[in-house]
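Take a look at this single chain, the form predicted alone, given in structure tokens.
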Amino acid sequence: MDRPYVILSAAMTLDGKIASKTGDSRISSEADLQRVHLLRSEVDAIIVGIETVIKDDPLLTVRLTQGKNPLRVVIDSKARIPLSSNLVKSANSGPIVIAISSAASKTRSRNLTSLGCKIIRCGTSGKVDLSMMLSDLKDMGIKKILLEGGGILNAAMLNGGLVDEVIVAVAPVIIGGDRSTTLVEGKGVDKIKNGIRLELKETRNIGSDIVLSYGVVKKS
């Protein structure tokens, strides 16, 4: 494989939402959060999109279990990440990679570099070339990645054939709402037969949640 192994990880409601209409994404039970932090400790890198950073201001570290902190990667085409964000402020204590495109301001890039972030330029179309980014991460020694994206980034990675495994914790709650974020956003497919096929690998009960692990069936 010419890229790292990628695991899409998410918690969702029974109706497939990963955040409410107000952006609230506190879905996992306490027991499941411990599972997620253990999973973080077992990968080399975590990837999120810039919208997740702006909305949630995460640290993306391992806190609820013992283990190493992975490399933290942000997909940020225009280098919009706030300089006051938890990720940037902690760049000197744990590595941060910002994947940008040609649309990013050179001044913003220099500012982020001066604060300890590593900038990788991936793509000239105004958007980050995800395949190029993964190839760059492999060259940096990254072998396994946890994708903790929002619905848009999840869609881009899945549609690009860049996800190998999907692990979702399903919480026993329904929230509804056409403005609530689903696990995978974007345009979607026109027919069910054209969807991305998965193969169930494992089912676990953790706390009040059901955790489902799937392998992505590669297209022949």
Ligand SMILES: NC(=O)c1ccc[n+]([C@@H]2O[C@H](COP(=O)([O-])OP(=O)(O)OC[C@H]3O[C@@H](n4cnc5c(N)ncnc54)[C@H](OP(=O)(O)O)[C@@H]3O)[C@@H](O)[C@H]2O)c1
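The numbering used is simple: start at 1 and walk along the sequence shown. Because the structure is a prediction, the values reported are computed rather than measured.
Another form exists, predicted together with this ligand; not displayed. Remarks below refer to it.
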For this session: Select, from the options 64-72, 47-55, 191-199, 170-178, the stretch whose residues sit within 4.5 angstroms of this ligand in the predicted bound form by heavy atom distance.
Result: 47-55
Exercise. Does each of Ala19, Leu130 and Gly149 have at least one heavy atom within 4.5 Å of this ligand in the predicted bound form?
Worked result: yes
For this session: Classify Ala10 as contacting or not contacting this ligand in the predicted bound form by the rule of any non-hydrogen atom within 4.5 angstroms, answering yes or no.
Result: yes
Exercise. Would Ser77 sit within 4.5 Å of this ligand in the predicted bound form, counting heavy atoms only?
Worked result: yes
For this session: Using the partner position in the predicted bound form, report whether Leu158 sits within 4.5 Å of this ligand, counting heavy atoms only.
Result: no
For this session: Please run the contact check for Leu153 against this ligand in the predicted bound form: heavy atoms, 4.5 angstroms, yes or no?
Result: yes
For this session: Residue by residue through 188-206, tell me which have a non-hydrogen atom within 4.5 angstroms of this ligand in the predicted bound form.
Result: none
